[in-house]
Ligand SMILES: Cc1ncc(COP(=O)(O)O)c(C=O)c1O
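Presented below, as structure tokens, is a lone chain in the form predicted alone.
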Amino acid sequence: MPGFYRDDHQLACDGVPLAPLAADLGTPLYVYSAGTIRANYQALDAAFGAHPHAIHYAMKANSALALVRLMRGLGAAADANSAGEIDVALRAGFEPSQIVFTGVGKTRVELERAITLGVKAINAESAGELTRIDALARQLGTRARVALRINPDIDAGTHPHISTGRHENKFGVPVDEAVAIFGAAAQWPHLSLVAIHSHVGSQVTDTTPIGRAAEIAAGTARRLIAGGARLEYVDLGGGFSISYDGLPVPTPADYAARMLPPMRALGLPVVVEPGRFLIGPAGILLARVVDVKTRSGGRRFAVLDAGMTELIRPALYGAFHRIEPLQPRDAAPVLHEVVGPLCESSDVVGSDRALPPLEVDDLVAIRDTGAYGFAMASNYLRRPLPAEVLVDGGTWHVIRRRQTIDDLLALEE
């Protein structure tokens, strides 16, 4: 059975019990299910069916080299948001022609790297960026492949911190401005404008904004083609949601049913850039209870050895992650404030969680942390980054060892 499940009341992953894994490797510890990643990728790929499409894994969700290699083996391409992610993609075996380079503030060095490599497209954010790319391509004696990001002014109904498609967001250019930019393409002789790009937000739980964005992208593409643009595809970004609380969310088929009709009418291939959907449910963070304190009314504080340095989403977004003991005791649940060990009041993993009474040394699993967990971890308070483990078909291996203080100080004098 792929994924995380109870085996004789003990939490396991792809055939591997997690408590012995935590005992062997220590905590905090990230554990990933290869079986879940495969199942998620196959479901998304099947949802787009026979329509020409490419799935570019959004590496910002989790760029662990072993996981990026796993994505490549499944048939994914890559979506990189920095020169560092481009280099990880190359080391994972991707060809430059399989990489799109996204990002709001790409530096000169990053653009030179992408142009020299000849990536599939640089997703440009403005006319000014196109001008800079054109100048660099001229200096390098080549042409750069570019997709222009449009801002469709759509409220995706997601958290304000991860909404990207409204006019007040910093991403892309308005549709009419995009049409004017393509009409003035002759001023950039060293660019090949090959696509338009749109992404309205992350964790979009309503398919209506996704469908509306696809319609606007298709309409914009149609206007550009009528004006002589030679578009090769339309990049509709990501936004596919997962269920953090166990409640139903749209399926890949639901999203595809909204996105594909305008793309079929247009007759162009579609590119999507999922990250969270592929890797989020495939990861958990194992932590150990290091202290328990009781407050008035029977409320308990359970202090973990993992907090906002390992998983910042609750502190940053107020995000909800399910928390469960690896080996629950047979006792009536009580309310817990599950907190991290940092000297910050925002270091709360979960509030008012009904759990069997936790005790010191208990192990807990924090669910759905494969995306934006380790990727956003920090060394605040000189805390070393945790180890990462990939479980596949009943076997496991460490894909990143636990950081040491020597690692932390290696670059300092």
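Counting begins at 1, following the sequence as shown. The shown structure was predicted, so the numbers you read here are calculated from the model rather than taken from an experiment.
Omitted here: the form predicted together with the ligand. The next part is about that form.
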Assert contact_stretch over 300 to 308, 221 to 229, 179 to 187, 197 to 205 against the ligand in the predicted complex, heavy atom within 4.5 Å, equals 197 to 205
Work out which of 336, 106, 145, 276 lies within 4.5 Å of the ligand in the predicted complex, going by heavy atoms. 276
Checking a candidate spot here: are 32, 287 and 374 all in contact with the ligand in the predicted complex (at least one heavy atom each within 4.5 Å)? no
Taking any heavy atom pair closer than or equal to 4.5 Å as contact, tell me whether residue 353 reaches the ligand in the predicted complex. no
If you check in the predicted complex, is residue 255 within 4.5 Å of the ligand, heavy atoms only? no
Proximity of residue 313 to the ligand in the predicted complex, heavy atoms at 4.5 Å: no
Looking at the partner-bound form in the predicted complex, is residue 149 within 4.5 Å of the ligand by any heavy atom? yes
Taking the ligand in the predicted complex, which residues along 66 to 103 bring a heavy atom to within 4.5 Å of it? 79, 102
